[in-house]
Structures are given as C-alpha cells and as structure tokens.
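Quick heads-up: it's one chain on its own, the form predicted on its own, in structure tokens.
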C-alpha cells in the first residue's frame, strides 16, 4: 500500500516538472530528434547498415538511453537542490513521512519523467524507423533500473552540491560524454582493438548495449552485464541516498 503522504509527495514532484513541459519534456525530445536526423540520416547515407541493421534504427536505443539517464538525473538533482537551497527540505524531514517514503517520492517522479521522455523519443524515432522491439519486457525492465539508478545519483549530487554549477557538472562533463563514448552512434566492433578496450571500461557502454539488445536483438557484450551494472548502480545509489537522508548530511542546520 502507498500511503497518502507518499502519494502527495509523488504527485507534487510530478506536477513540478509538468508545469514547464517545454523545458522538461519537449526540449530533450527536440534535441534528441535533431541528433537522430543529423546523425541518423547524414551518416546513415554513408554507413547504410551496422551489423545488418539500418544505421538510423541502430542509434535509437542509445538515444533513448541518453534521454532516460539525463532526465532522471536532472529531475531529482534540480528538485532536491532547490528545496535544500530554500530550506524547505527541513519541513519535509520533520513530516510524518519516513526516509524511505521521501526518497521514493523524489525517485518515483524522476523515473516517471525519464521514462516518459524515453518513450516519446522512441515514438518519434519509430515514425521513421519502425516500432518493433525484440524483447519488450527486457527493454522496460532495464530502462526502469537505469532510471532509478540515475535518479538516485541525482539525489546524491543535489545533497552534496553547494551550487548549480556543481549540479550541472555531472551531466555535462561525466554522464553525457560517457554515454556518447558508450556506443550510442557506433558498434564497439567497428573500433580498433585499443579503442575497443577503452570502450569496454566505460560502464555506460554496457547500459546502452543492453538496451540495444532489448530493442534490436543485437549486442557487443553479454546482456547480463547491463542488468548487473544497472542493478548494482540502483542498490549503491539508493543506499547512499537513504543514508544521507537518515543522517541529515548537509540537510539539517
């Protein structure tokens, strides 16, 4: 059973990002559509196919993963940091909500935003490349784990950060570059041995590759690796987030 307090917090957080749909939902969809059009069709005219799949279709899972990761992270990071900055997080911590319910409210709303953006991006791309999905349940499950993990990372970042610059540092200089270097626009098999070894050290490569396997049925790495990394990320990030709430790290006083 979901308590009234948790439902109220979840609804409040969802309404928060729905108040500015142009910024929170439409903007990432437009940006990703531009990536799809520019890379999918300009490079697609040269590459044609990657591992037997049309290039424009090959890049869709990576772009969807990027949208889910970015939006899940930014939702909790921005919401939590603003509440901390304004001091209203203290009111939430002294409310009858448990620490688990507070965390579930923030993470749940971020997951809804991340998956909504990912679904809409997949729908836009599907108009051009088709809507077929090789393993629908695997795709939903893996994207859900990814959204939970990165929303919890956003929560951790917001609690730790002291400025908006620190909030933006992670998606700009860590998450987005690692995602783009994680096989969004190419297969690891296309790389030289040295670059391939470098790519295999990138944990986001396995997440992108796992989603590509679920959507297209092909992969460069064992699909189980993506599940293990996503599940490990969820467990670690949720554990740290809960500990921060419980101890009041940078939240009280």
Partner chain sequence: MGDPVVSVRGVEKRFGGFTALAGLDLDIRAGEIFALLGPNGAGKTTLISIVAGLLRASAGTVRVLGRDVVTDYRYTRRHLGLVPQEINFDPFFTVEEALRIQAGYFGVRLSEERLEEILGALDLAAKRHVNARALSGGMKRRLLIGKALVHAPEVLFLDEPTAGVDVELRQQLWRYVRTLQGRGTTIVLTTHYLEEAEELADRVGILDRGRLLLVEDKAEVLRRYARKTLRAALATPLAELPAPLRSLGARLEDGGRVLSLDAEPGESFGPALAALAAAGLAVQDVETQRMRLEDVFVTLLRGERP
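Numbering follows the first chain given and starts at 1. All values reported here derive from a predicted model rather than from experimental measurement.
The same protein also has a form predicted in complex with its partner chain, omitted here; what follows describes it.
Chemist: Report yes if any heavy atom of residue 176 sits within 4.5 Å of a heavy atom of its partner chain in the predicted complex; otherwise report no.
Modeler: Contact with its partner chain, no.
Chemist: Even though the partner isn't displayed, in the predicted complex is residue 78 close enough to its partner chain, meaning a heavy atom within 4.5 Å?
Modeler: The answer is no: residue 78 has no heavy atom within 4.5 Å of its partner chain.
Chemist: Does residue 166 reach its partner chain in the predicted complex if we count a contact as any heavy atom within 4.5 Å?
Modeler: Result no; residue 166 lies far from its partner chain in the predicted complex.
Chemist: Going by a heavy atom distance of 4.5 Å, is residue 95 a contact of its partner chain in the predicted complex?
Modeler: Result yes; residue 95 sits at the interface with its partner chain in the predicted complex.
Chemist: When its partner chain is placed as it is in the predicted complex, which of 124-132, 96-104, 155-163, 176-184 ends up with heavy atoms within 4.5 Å of it?
Modeler: Of the options, only 96-104 has residues within 4.5 Å of the partner.
Chemist: Output the sequence-ordered list of residues from 236-250 with at least one heavy atom within 4.5 Å of its partner chain in the predicted complex.
Modeler: In sequence order, 245, 246, 247, 248 come within 4.5 Å of the partner.
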